[in-house]
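One chain is shown next in structure tokens, namely the form predicted alone.
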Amino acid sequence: MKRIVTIQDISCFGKCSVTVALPIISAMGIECAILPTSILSTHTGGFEGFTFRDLSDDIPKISEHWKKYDLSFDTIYTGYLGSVKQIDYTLDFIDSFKGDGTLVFVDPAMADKGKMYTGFDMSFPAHMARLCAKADIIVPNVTEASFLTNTPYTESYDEAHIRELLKKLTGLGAKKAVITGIAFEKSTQGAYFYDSDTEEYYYYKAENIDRNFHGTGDTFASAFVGAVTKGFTLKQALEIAVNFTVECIKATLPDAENHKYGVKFEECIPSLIEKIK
């Protein structure tokens, strides 16, 4: 059985980060270990007064314990990291656990819609870029791709702009880059990837649903990294992840007002399993 370790926070209520990654990856028939970076009572979008416990100093302790048992992973998957210290510890973890066949997959979750997430300033992307340099595949959204490459953010872009962003992203060190949330027209949205080894581009789009839900980026990334780890090509994995994310959004729409804290991915897991058979 393949094994992924995901390094990101646990939001006890609200569907994002580990509470999305663990069930989706497990449902795909992959063992999923977790290395939590913090614990929050809820995720930070739409909830006030949430509790927060920083687990940064536990990361090296967990790592050292795992070394004693000679644990190995097919994929190291990083998501939201809340500080420069956590990035540094994650870099150390990669140095310790990356083997010849280990895939390093980085979702540089730090910004959206032209703004950094709460708690980050504009010095943070340079530190995240150090982590991206260690990755085999990175999956930023348009805002994150712009900030990582020091490119002015714009909501009005064409295909040439996205391709240039992708090239700049691979210039950070990762051989392959995917930019999510690409919409060249209002009716469709998808993800665009570039493989610097083959100089191949590929854009896959699906129906664009004009509704925002928390955690859709984590839903996409988890399905995508799971599919790649199982041996699907990047094109196939991209299609699986985009279609699954759209299905999850559609499943949530009838109850959208009562379910603002994430998508109902659980209802769509059976179809995901069918997709990867």
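In this text, residue numbers run from 1 along the sequence as written. From a predicted model like this one, the values you see are computed outputs, not experimental measurements.
A second form of this protein, the form predicted together with a small molecule, is not displayed here; the remarks below concern that form.
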Quick one: from 44, 229, 63, 243, grab the residue that has a heavy atom within 4.5 Å of the small molecule in the predicted complex. 44
Of 40, 59, 34, 234, the only residue with a heavy atom within 4.5 Å of the small molecule in the predicted complex is 40
Out of 21-29, 251-259, 7-15, 264-272, where are the residues with a heavy atom within 4.5 Å of the small molecule in the predicted complex? 7-15
Classify residue 80 as contacting or not contacting the small molecule in the predicted complex by the rule of any non-hydrogen atom within 4.5 angstroms, answering yes or no. yes
Residue 117 versus the small molecule, in the predicted complex: is there a non-hydrogen atom within 4.5 Å? yes
